[in-house]
Structures are given as C-alpha cells and as structure tokens.
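Here are two versions of the same chain, shown separately as structure tokens and labelled structure 1 and structure 2.
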Structure 1
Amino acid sequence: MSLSVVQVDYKLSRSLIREVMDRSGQNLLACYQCRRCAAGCPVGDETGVTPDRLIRTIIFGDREKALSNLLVWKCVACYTCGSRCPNNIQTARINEALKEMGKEDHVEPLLPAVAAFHDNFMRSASHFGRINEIEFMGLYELQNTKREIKKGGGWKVVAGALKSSARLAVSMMKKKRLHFRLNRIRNLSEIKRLFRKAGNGPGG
C-alpha cells in the first residue's frame, strides 16, 4: 500500500483558518473529523465534498479548493451537520463565508444561478426590509438573462428560462404566494445601515 504525503504551508493555513473562523463564527479547530456531519449531509454524495472534508481543506490551507467546490454552492443550509456535530460546527455558515470570500476574490461561481439568487435576494431585502417576490424575481431573471446573452447562449435559451419562470409565477399567484404590494418595514433606515456595515447593500 502506497502512502501519499500532504504538503501544508502552515503560514497560509493559519491565515485561511483565521479568516474563515472570523467570518463564519465557527471554531474549525474543534473539528476532529468524526464524520458524523458527512453521514447526514443531504448533498454530500452529489457534490463529492462533505462538511468534514471542506473543513479539512481549509485547515490544510488550500484556499483555491475551499472557494471552488460544489458543497459551497449546493449546501441547502439544513443545519443537519451542526445538529450532529459534537462541537456544534455549522458548515452552512462556513459556506456562506466562503461565498463572500469567493466574491471578493472574483472567483467565478460554479453555479452562477445560485449566486444570482443569493445576490438579488439580499438586494431586494435591502430595498424594503423584506422580500418582494415581484422585484426579486425580476432582478434574478434580468441577471440570468444578461449572463446567458453574454456567454452566447442565444435567445432560445433565454426565452425558455423566462417561460419556465412565468409558469412558476402563475402557480405562485394561484396559491397566493406572489405579492404585488411593495410593503416596507418600519425603521427601514436601520436595515439599510446594517447592509452598508456588512457591505451587502446600497453604499456598501
């Protein structure tokens, strides 16, 4: 049996660990690879990466691999990993931190539609303090349309996506899950201030 040697740059490793821990609020060093999170992760088999392996990647200091893997983009934030973890490590929060880090590093998202959903969800929330489905879906589809045209997907691809979204909109209206009123919360200025502080909203 042959053994492979893992090369670790401890300076880079410490820097990456600290950044992810500071951003996510999770103590990665408490992970001792028991793999209880892996046994319960609903997308681990599909992504080829389980929460324990993601944490190990960060601890090894492999920034590129940590920012570019399917678990970051396909995590459904079910928090099964944290509920099973003996040290309460929530990988969903780690994934959110990695998304933001990837965006700042201009790393191309592996699933652009997921990135567009995230961006426009936050943008709509910053406008009204809550999500308005009409605005959110409009912003989301506009961003997807621009991306498809830019990469040469053609109008047929765009038209197909818009048609699918229109059917979804009709279904949502029938179930009274699509609201036309633009309701704002009280103290909206406080929400905008929080978004600016986090760097996710107007002026951020």
Structure 2
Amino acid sequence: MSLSVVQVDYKLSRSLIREVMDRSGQNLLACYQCRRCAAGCPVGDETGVTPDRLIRTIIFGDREKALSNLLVWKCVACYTCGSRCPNNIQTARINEALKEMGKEDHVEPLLPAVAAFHDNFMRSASHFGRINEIEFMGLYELQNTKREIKKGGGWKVVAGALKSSARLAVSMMKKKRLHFRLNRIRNLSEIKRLFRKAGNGPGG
C-alpha cells in the first residue's frame, strides 16, 4: 500500500477558503470531518465527492477541482447535509457559491444541461415576473439543442432529450396540466430593477 502526500500551498489555500467563506456565508474552518453530511447526501454515491470531501478540497486550496466537480453540479439542494451538520455548515450554499465563482472564472459547466436549466428558469422569471412553463422549457431545450449542434453532430443526443421532454409535455397536456395563458405581473419594471442589481456577489 502506498501513501500519498498532500501538498498544500498555504497562500493559495488561504485565499480560496476566504473567498468561499465570504461568498457562501459558511464557516468551513469549523468542519471536523465527522462525515454526518456524507452519510445523508443522496447524490454522494454517484458523485464520489461528498460535502466533507468538497470542504477538504477547498481547505487544500485546489481551486480547479473545487469549482468543477460532480457534487457542485449534481447537488439537488435537499439541505440534508446542513440540517445534520453539528457545526451548521450548509454545503448546498457552498455549492451555490462555487457555481457563481466558476461562472465568473469562465469555467465550462461540468453538466451543461443543469446550468441551462437554472439559467433559463431565471431568464423566464425576468421576462414576465412569473414562470411560464412552456416558455421556460422552450428556452431550455433551445439552448441544449444549440450546444449539442455546436459540439458537432450530436443529433442523437438532441433527439433523445427532445423526445423525453415532448413525452412529458404530451402527457401533461392530456392531464390538463399544461397551462397556455400567459402569467405576467403588472409591475414588471420593479423585477427588472432587481435583476439589474443582481450579480454583485453575495448580497453585497
């Protein structure tokens, strides 16, 4: 059995820890690696990276891995980790902060469909102040299709994804769960102002 030695550049690690702590509002330094979070994380098996591992990665200053790993992209925001952590660390908030940081650093999303979903949800909210599910799903599928085509001939992937969405849409229509009237708020300018003010970091 071989032992690997972890190399840490303290300067890098200190600045990364500070940045993630400021942006997520979570005290990463309180983590004592008890792994209660890991035991409850529903995507931990799939991602390989559990909340405690992610925190360790940040503490070691590995920015590249911290910004782009499966937990950041597969976290389903169930808040199990945070509600069980004896030190009140909300890893879901850490994942959100890392997503924002990755975007600012122009890191390609590891799971582009997940990014497209949430981005277009917000786009749809900004258009009318409320979500119009048909518009939202249209925006989302359009972005996925464009990406796959750009990647070069991913027609099978595109067709597969569209088929899955179409299947859902058809059964929703049959069950009268597809809504065709436009949902829109009156004071849209107020929403637009909030959106313009966004993107300036954590509440500041």
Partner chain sequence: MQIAYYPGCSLHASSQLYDIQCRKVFRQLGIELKEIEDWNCCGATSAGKTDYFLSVALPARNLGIADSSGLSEMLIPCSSCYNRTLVSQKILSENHELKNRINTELSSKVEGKVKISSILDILVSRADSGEIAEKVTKKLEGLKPACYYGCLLTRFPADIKISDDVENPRGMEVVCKALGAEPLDWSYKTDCCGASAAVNDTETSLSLMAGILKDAVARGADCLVTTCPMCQMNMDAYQDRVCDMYGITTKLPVFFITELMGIAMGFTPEELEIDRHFVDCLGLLKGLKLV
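We call the rigid core the largest set of C-alpha positions that still match within 1.5 Å between the two forms. The first residue in the sequence of structure 1 is number 1, and each one after it adds one. Keep in mind the model is a prediction, meaning the values are calculated, not measured.
Remark: the form predicted in complex with its partner chain is the source of structure 2; structure 1 originates elsewhere. With the core held fixed, G102 shows a CA shift below 2 Å between structure 1 and structure 2. Once you line up the core between structure 1 and structure 2, the Cα of F128 ends up 2 Å or more from where it was. Superposed on the core, the two forms barely differ at I17: its CA moves less than 2 Å between structure 1 and structure 2. Here S189 exhibits a Cα shift of 3.8 Å between structure 1 and structure 2, evaluated on the superposed rigid core.
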